[in-house]
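For reference, the chain that follows is the form predicted on its own, supplied as structure tokens.
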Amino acid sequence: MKASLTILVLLLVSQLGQAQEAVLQRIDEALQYQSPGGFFRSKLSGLIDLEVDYIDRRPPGLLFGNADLFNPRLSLFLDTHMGEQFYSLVQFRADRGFDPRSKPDGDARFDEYLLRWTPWTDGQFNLQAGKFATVFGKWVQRHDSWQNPFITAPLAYENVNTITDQAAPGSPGAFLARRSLADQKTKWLPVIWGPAYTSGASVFGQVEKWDYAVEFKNASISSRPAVWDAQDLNWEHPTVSARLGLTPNAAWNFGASASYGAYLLPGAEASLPAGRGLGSYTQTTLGTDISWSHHAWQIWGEALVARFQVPTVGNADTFTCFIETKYKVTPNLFAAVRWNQQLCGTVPDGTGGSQHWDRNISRVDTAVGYRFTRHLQGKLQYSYTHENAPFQQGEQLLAAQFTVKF
């Protein structure tokens, strides 16, 4: 019933949107400014997302709440160019939390702010500083609602594991006991927390068929949004991440990424074994990505291995991957499918044996989307998830999203 109502609302809004396309186009043109001579150029753009989810069990991943599954969001982007060498971006959001319904009473914040210097016009070298998305992987480059064929993120970017950044487990047994609990989203961490808008500096560029990026950030790629601003952590244990990519032709792109840094928060230090500090426990993540496009087809894939050094336990290793295909049925209609999987290694159980430290999980995502106009888009997604556990979380998810772009 909820899904049918959502579809009806999308259809009604789309008809209204088509009638207002000329208005949106005028707004788009009005939100731009260029100084005489073109030295200073600035543009304000944005996305309005209306999202509804139906879940048959506990919400999975980084979806919060259990009853009210409506998630509106306003995103504003201010892009400014000063000559050919300087560029700045500010992203502002108003919603119910960075992750859907994590702050049900509403929230407003600046998710990104950066200044970029490009000394040469060939694009071989760029230097930027501020708060911005991680350079790790390839999915982050297309994560916003207008570019992402799905409504949710891949499993690697949103599935919370039994790793916590807030305190050391009392024993290996206590760590393994977390597998019998429902996801503790305010305490546990994914391998990568969405786009990971952490703060710091990066250098990046493209040299012939190669592109590179290296960043120095205040927090790990798995860190939660509450510590992404530069003042949130003391910079004693930064994270370094990098990606190297190759584009041999117009159809293919290959990449390899790496990230290393401490993942525990300062509040966890009191619970650590004697003589150990936050820097003694790190997250090391390696990844590879591939993308291909040809006519109406697009394919993306990523595979990651991550190692969390867990106090009192040892190394907790995991492998996670996804492969995603999008097909444009018509210039306006597209369909997509994505396979996700995560496998967890073993750790000592404290009694002479070893056990898998978290539940293995697999998920298939399917979606259809329609671009009604250059400014209006609707998407429907169905996902089926299975965990190697006595209980399931978000086994079936049905979501609808309507996006206005200006």
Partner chain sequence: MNLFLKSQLKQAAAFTAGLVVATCTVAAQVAVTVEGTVALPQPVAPAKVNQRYAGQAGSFLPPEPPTAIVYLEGAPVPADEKPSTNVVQVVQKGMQFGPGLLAVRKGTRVEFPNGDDFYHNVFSYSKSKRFDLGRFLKDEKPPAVTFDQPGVVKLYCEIHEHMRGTVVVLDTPYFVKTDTNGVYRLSGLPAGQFKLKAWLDEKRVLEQPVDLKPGAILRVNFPGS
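Everything numeric here is computed off the predicted structure, so don't read it as measured data. Residue numbers count along the first chain shown, from 1.
Below, we turn to the form predicted together with its partner chain, even though it does not appear here.
Asker: Just one stretch in 50-58, 28-36, 344-352, 360-368 has heavy atoms within 4.5 Å of its partner chain in the predicted bound form, so which one is it?
Answerer: In short, 28-36.
Asker: I have 156, 185 and 193 flagged as a candidate spot, so tell me whether each of them has a non-hydrogen atom within 4.5 Å of its partner chain in the predicted bound form.
Answerer: Contact check failed for every one of 156, 185 and 193.
Asker: My question is simply whether residue 331 lines the interface with its partner chain in the predicted bound form - judged by any non-hydrogen atom within 4.5 Å.
Answerer: Yes, residue 331 lies within 4.5 Å of its partner chain in the predicted bound form.
Asker: Quick check on residue 372: any heavy atom within 4.5 Å of its partner chain in the predicted bound form?
Answerer: Yes.
Asker: Consider residue 211 of the chain shown here, and say whether it contacts its partner chain in the predicted bound form, taking contact as heavy atoms within 4.5 Å.
Answerer: Yes.
Asker: Can any non-hydrogen atom of residue 140 be found within 4.5 angstroms of its partner chain in the predicted bound form?
Answerer: It does: once its partner chain is placed as it appears in the predicted bound form, residue 140 has a heavy atom within 4.5 Å of it.
Asker: Answer with one of 317, 107, 229, 112: the residue that has a non-hydrogen atom within 4.5 Å of its partner chain in the predicted bound form.
Answerer: Answer to the contact question: 112.
Asker: Find the only residue in 151, 133, 163, 176 having a heavy atom within 4.5 Å of its partner chain in the predicted bound form.
Answerer: Only one option qualifies, and that one is 133.
Asker: Within 177-207, which residues have a heavy atom closer than or equal to 4.5 Å from its partner chain in the predicted bound form?
Answerer: Residues within 4.5 Å: 197, 204, 206.
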